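Quick heads-up: it's one chain on its own, the form predicted on its own, in structure tokens.
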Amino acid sequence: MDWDKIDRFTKSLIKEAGHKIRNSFFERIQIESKSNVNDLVTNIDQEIEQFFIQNIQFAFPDHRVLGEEGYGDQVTTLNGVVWIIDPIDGTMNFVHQKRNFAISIGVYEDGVGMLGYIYDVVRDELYAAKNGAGAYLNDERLPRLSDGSIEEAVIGVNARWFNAKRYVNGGKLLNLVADCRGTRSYGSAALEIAYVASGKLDAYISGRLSPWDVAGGVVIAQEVGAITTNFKGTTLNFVQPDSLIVSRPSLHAFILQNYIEVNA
């Protein structure tokens, strides 16, 4: 597999897609709800996913595509080459703020993350990684993550999880607020993983994310030494929703042990 060729191809698609999204700021956007009133989708999400899928299927007809908006393949395993795509991660931010959203793409071969991309469209910042070759922000290589303490850590976490009952003990997670330096919520899982990889956050926690939210970011984070697992401390599921903790190496086990309690 010529991963350098696929890398160049993907970066060119991402930049073109980003241009299309920025142009959409001047158009009337059609907004719909999916699973609930806060789960938004726009015509731009749908058009960008179709743009990616059409180009990928033309260039690599034997590859499969798992996309958030459902225009790709029915993917139940990661056998072969699978592209996992979120055309706009942070659609609510896209609708309300026109910032703090990203294109997220992960390319996996037989379950192994080979390429990962997170593109902050508005800031024109492309986080990209190739398995075994490091991670980059635009053309600058990201350094390996150093260790850190919980007292000095800034943690990415959505406040909704402090009141959670279904997936995780929100009360125990609330103790994290008292012990860490601060918390942040940006409304885009992809960007928050990218911020961990680039040292802007020390950890990011979520009780439930879909594969397209995390697939690209996990490749990037692992290339700088971040630890990525679900709340059970096991490998993430990239074909079904799963929990996520991604952090500096020294914080991962400490957060799992002291603040995460999975509900049965």
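These numbers were taken from a predicted model, which means no experiment stands behind them. Don't overthink the numbering: it's just position in the shown sequence, from 1.
We do not show the form predicted together with ligand IPD, though everything after this point is about it.
A residue is said to contact a partner when one of its heavy atoms sits within 4.5 Å of a partner heavy atom; I105 fails this definition for ligand IPD in the predicted bound form, lying far away.
Contact check for G187: a heavy atom falls within 4.5 Å of ligand IPD in the predicted bound form.
In the predicted bound form, at least one heavy atom of L209 sits within 4.5 Å of a heavy atom of ligand IPD. Among residues of the shown chain, I155 is not one whose heavy atoms approach ligand IPD to within 4.5 Å in the predicted bound form. When ligand IPD is considered in the predicted bound form, only one residue from D213, E49, D202, E223 comes within 4.5 Å through any heavy atom, namely D213.
Annotated contact segment (heavy atom within 4.5 Å of ligand IPD in the predicted bound form): 90-98, selected among 90-98, 141-149, 168-176, 76-84.
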